[in-house]
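Before any questions on how it binds or moves, here is one chain, the form predicted alone, in structure tokens.
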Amino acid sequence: MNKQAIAQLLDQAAMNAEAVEQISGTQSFTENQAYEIQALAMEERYKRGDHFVGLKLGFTSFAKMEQMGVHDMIWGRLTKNMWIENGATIDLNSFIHPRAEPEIAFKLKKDLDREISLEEIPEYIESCCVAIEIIDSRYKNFKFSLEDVIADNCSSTGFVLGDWHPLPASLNNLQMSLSFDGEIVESDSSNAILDNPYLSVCNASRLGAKYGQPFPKGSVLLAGAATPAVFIKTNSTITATVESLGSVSCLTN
């Protein structure tokens, strides 16, 4: 398979907000090849002046992993151009079929290039905050195989961060919700994220090291969604709230 050509196809689909057919519909490829395509597609963005700012995890629900028949989380790269300011308005014409998820984000206090344990997290993580992730698959009808979504940078498109807070002793049993125009549309406990959101840090360190992705000081980690993603409509105010961490919002037009 021509991995560079597929990477360029997905890059153009993201840049032009035009959906393409699933790659797996015509070609068979492995999970490792999918990550190679993802890296090549990101290089196209970097050539245009964008740059890496962090990682996001997917399938951080054990139930979701079992449902999808996968054995591990998936991950994608975050870039500066994906970063949306808290309270900003986003133009939905820049997306294909965007969805929003409530998450918890972490900020690295120093470079991380190996797998770490839960006990080491305070040494490497500076702070945490509530976040909204905007996902937007580049595939038609938002349908894809595991390899398709990995190649497409795990549908990474945008993220909004709230105010940073010192790390609490625990992030368990926190109520998390996603609201549209003040009405809660999804909610769950933070335990939905790997039974312990701090485990996202450990797994991100493991996956970054496995695939050779540097994770430098100041980088952001999106720990994974606590609820199903919700389709975004125009002229809406989207708000994610996490108990004890506050809330974060963006508007659409």
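Numbers follow the displayed sequence, beginning with 1. All figures in this text were calculated on a predicted structure; none of them were measured in a lab.
Not pictured, yet referred to below: the form predicted in complex with a small molecule.
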Partner-facing stretch of 104 to 112, 166 to 174, 89 to 97, 129 to 137, counted where any non-hydrogen atom is within 4.5 angstroms of the small molecule in the model of the complex: 129 to 137
Would all three of Leu55, Gly208 and Leu221 be in contact with the small molecule in the model of the complex, where contact means some heavy atom lies within 4.5 Å? no
Ser179, heavy atom within 4.5 angstroms of the small molecule in the model of the complex: no
Taking the small molecule as it sits in the model of the complex, is Phe215 in contact with it (heavy atom to heavy atom, 4.5 Å or less)? no
Any chance Phe59 has a heavy atom within 4.5 Å of the small molecule in the model of the complex? yes
Quick one: does Val149 come within 4.5 Å of the small molecule in the model of the complex, counting heavy atoms only? yes
